[in-house]
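Just the one chain here, the form predicted on its own, laid out as structure tokens.
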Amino acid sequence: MAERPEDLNLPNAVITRIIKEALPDGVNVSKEARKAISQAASIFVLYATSCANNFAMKAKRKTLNAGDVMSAMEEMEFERFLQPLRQALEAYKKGQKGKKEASEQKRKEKKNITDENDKSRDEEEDEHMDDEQEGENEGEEEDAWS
């Protein structure tokens, strides 16, 4: 686990971006307030993780899944965040599926190009072999006439 308590804090850049997106333009946040929000967010993440881990342990699993997190949110009485969380999870899954499909398509295209190159190379080698055989045959014919 973390060696120092500061290691458990979320990066300041991430916290600043979240704060800016949550507040209207022109609202300033002091350094002290950002630090407090950062620590609160870190504590929330640790608490939610601990609750989700309890659900995974009850199910005799070592891996937390999205269902564990949803159950933890309910247990922590954050039901109002479940629907936005489900929507975000669904959007994430669609994005991952799209990335996977794009990756598979790219792999297939690359394989097709490789197969085509191999086929072309084989055809060139066959032509080269045919040319060599024709040259040898011509030389044999010349020997036969001599």
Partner chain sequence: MSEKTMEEKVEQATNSKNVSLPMSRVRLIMKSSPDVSCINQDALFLTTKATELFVQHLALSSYKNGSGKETNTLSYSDLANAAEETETFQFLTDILPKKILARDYLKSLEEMKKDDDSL
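Bear in mind that the values here come from a model prediction, so they are computed numbers and not experimental data. Numbering follows the first chain given and starts at 1.
Separately, the form predicted together with the partner chain exists; it is not shown, and the next lines address it.
The partner chain in the model of the complex comes within 4.5 Å of no heavy atom belonging to A59.
None of the heavy atoms of E109 is located within 4.5 Å of the partner chain in the model of the complex. Taking non-hydrogen atoms only, S120 never approaches the partner chain to within 4.5 angstroms in the model of the complex. Taking the partner from elsewhere, E101 is found to have every heavy atom lying beyond 4.5 Å of the partner chain in the model of the complex. Of the residues in 9-35, those that come within 4.5 Å of the partner chain in the model of the complex through at least one heavy atom are, in sequence order, N9, L10, P11, V14, I15, R17, I18, I19, E21, A22, L23, P24, D25, G26, V27, N28, V29, S30, E32, A33.
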